[in-house]
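Just one chain is shown here, as C-alpha cells, and it is the form predicted alone.
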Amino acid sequence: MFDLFYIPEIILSIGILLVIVIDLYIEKQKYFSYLLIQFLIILASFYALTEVPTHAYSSYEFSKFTSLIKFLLLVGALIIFHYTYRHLNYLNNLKIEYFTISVLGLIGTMIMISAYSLLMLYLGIELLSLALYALIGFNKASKLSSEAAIKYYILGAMSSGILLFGISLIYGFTGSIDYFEIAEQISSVNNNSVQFLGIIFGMIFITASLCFKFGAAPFHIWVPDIYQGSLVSTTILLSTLPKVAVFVVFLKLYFIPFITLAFIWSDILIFIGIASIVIGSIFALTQENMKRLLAYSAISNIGFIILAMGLVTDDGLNASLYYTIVYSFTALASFGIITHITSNSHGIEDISDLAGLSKTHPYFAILILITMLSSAGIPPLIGFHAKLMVIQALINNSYIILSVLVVLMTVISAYYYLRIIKTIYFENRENLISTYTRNNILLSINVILLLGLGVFPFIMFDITSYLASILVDISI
C-alpha cells in the first residue's frame, strides 16, 4: 500500500524528472521551469507538515521531529532558490540544471534525516555529495570553481570511504545496521572485549566522516577553498541545508545507537568543538576574501553546535538545536545579501568590494550591519542568545575554563565582523561605482527576523525545546 509519509520525497523525485523533460521543450522559458520547481517544494512542504505517529518502517523514520526538520529544510530551499534565480539571472548564468541538481541534493538531506539504518544514511549522504560535486564545479568559466570541485570530489570520496569503513566495522561487530538494534547490541557488550574496541573504532571513523561533511576542525581544510571557488548561490546551499541535515544525523546517531558510549564520544565532540571555535575565529582575522571569511566564521559557528552537543545534557541539546537554527537563518541572510550586490558587474569577492556601500545603497548597508552584529553575538539580536545558551550550558555543567575560552574567542571573532561594518561605513571606493540589484522583500524579512527573534527569543526557544523533547522521546 502506498504510504502517505513518503509523499514529500516522492513529489520531489517524480516532479524533478518532469521538470527535466518539460525544460527540453521550453528551453527559453526558464522562469516557468523555475516556478514549477518552487511549486514542487511548496507542495512537498505542505505534506511534510502532515501529522504522523512516531514510527520507523524498516530503515526509514517518520515522526513529528523529522517532519518539522524537513519542513524547515524545504522552506530554506524555497528561499535559497529565490536568491539563486535572481543572482544567476543577473549574471547571465541561469540554467535550470542548477536547480534540478540542487533538488536532488535536497532529497539527499531528507533521506539523511529520516534514515534509521547506517545503509540508508550512506545513500542519503552520497546523493547529497554527488549533487554538491556538480554544483561546486558549475561555473565552468572559473578556474577557482574547477579547482574547488576537484578538491571537494577527492576529499569527499575519502570521507565516504572512511564512513563506509566505519559502517562496516559497526556491522561486523554488532551484526546490524539498524539504529535500535545496534544500541541493544552495544549495551550488552563487555567493555573489555575486542568487540567493544571494534565498535569504538567504527564510531570514530563515522564521526570523522561526519565532521568532514559538517566542516568541523580538524577536517575543515576544504571549507575556505570550496566557499571561495563556488558561486555565491552554491555557497548559500553549502552553508545551510547540508549543515542542518548532518547535525540531525549527529543527534540521531549519538542519542540512539551510540548513547551508551556517551562517556567516549562526549570528550571527542568537546575537543572538536573547541578546536573548531579557536581555528575558525583566529584564521578568519587575516582573510581579505568575503567568502573565505564567512567560511572560517562557519567553522567557528559549527564548533559552538558540536561543543553544546558534546555536553550530553538537556540544556546542551537545546543549545545545539537553537544554535543550528539561528546559524542557518544568519547564513541565509549573510549570503543572501551578497547575491543581491555586485561590484563592477561581478559578484562580491573581497571585503573591499563593499567599501562605500552606506553612501550608495544605505538600505543594503543596514541589512549587512544587522546580520554582522547578529553573527558577532551583539544583543538584542538572535545571535547573542544563541551564543549565550551555549555558554550557559557550559557553566551549568562546570566547564568554567571552556566557557571563558569561548567568551574570549567570541570577542576575537567580533573583530572581523566589525571590520566588514567599518569597510561599509568608513571607507570610500577607489574603483568604479558598484551596481546593485533591486530591493527584495524576502531578503528584508530574512534579516528582520534576526532582530525580531532576538527581541522575543522565547519564540525560538519554545520551538527548539519542543524539537528536543520529541527527539528524546524517539531515543527512549
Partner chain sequence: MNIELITFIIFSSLLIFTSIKVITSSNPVLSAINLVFSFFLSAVLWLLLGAEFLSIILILVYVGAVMVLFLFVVMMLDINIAKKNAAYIKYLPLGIGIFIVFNILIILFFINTFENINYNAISSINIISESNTENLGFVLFTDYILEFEIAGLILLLGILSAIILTYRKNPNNKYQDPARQIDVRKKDRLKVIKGLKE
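Nothing here was measured: the structure is a model prediction, and the numbers come from that model. Residue numbers count along the first chain shown, from 1.
The following text describes the form predicted in complex with the partner chain, which does not appear among the structures shown.
Undergrad: Is every one of Tyr60, Gln195 and Phe205 within 4.5 Å of the partner chain in the predicted complex, counting heavy atoms?
TA: Each of the three qualifies.
Undergrad: Considering Leu127, Ala275, Ala355, Leu253, which brings a non-hydrogen atom within 4.5 Å of the partner chain in the predicted complex?
TA: Result of the distance check: Leu127.
Undergrad: Could you work out which of Ala131, Val249, Ala183, Val312 is the residue within 4.5 angstroms of the partner chain in the predicted complex, going by heavy atoms?
TA: Exactly one residue meets the criterion: Ala131.
Undergrad: Given a 4.5 Å cut-off on heavy atoms, tell me which of 331-339, 304-312, 234-242, 118-126 is the interface stretch with the partner chain in the predicted complex.
TA: Single hit among the candidates: 118-126.
Undergrad: Is Asn92 a contact residue for the partner chain in the predicted complex, using a 4.5 Å heavy atom cut-off?
TA: Output for Asn92 is no: heavy atoms all beyond 4.5 Å of the partner chain.
Undergrad: Answer yes if any heavy atom of Phe173 is within 4.5 Å of a heavy atom of the partner chain in the predicted complex; otherwise answer no.
TA: Because a heavy atom of Phe173 falls inside 4.5 Å of the partner chain in the predicted complex, the answer is yes.
Undergrad: Within 4.5 Å, heavy atoms only: does Phe71 come near the partner chain in the predicted complex?
TA: The answer is no: Phe71 has no heavy atom within 4.5 Å of the partner chain.
Undergrad: Quick one: does Glu97 come within 4.5 Å of the partner chain in the predicted complex, counting heavy atoms only?
TA: Within the cut-off, so yes.
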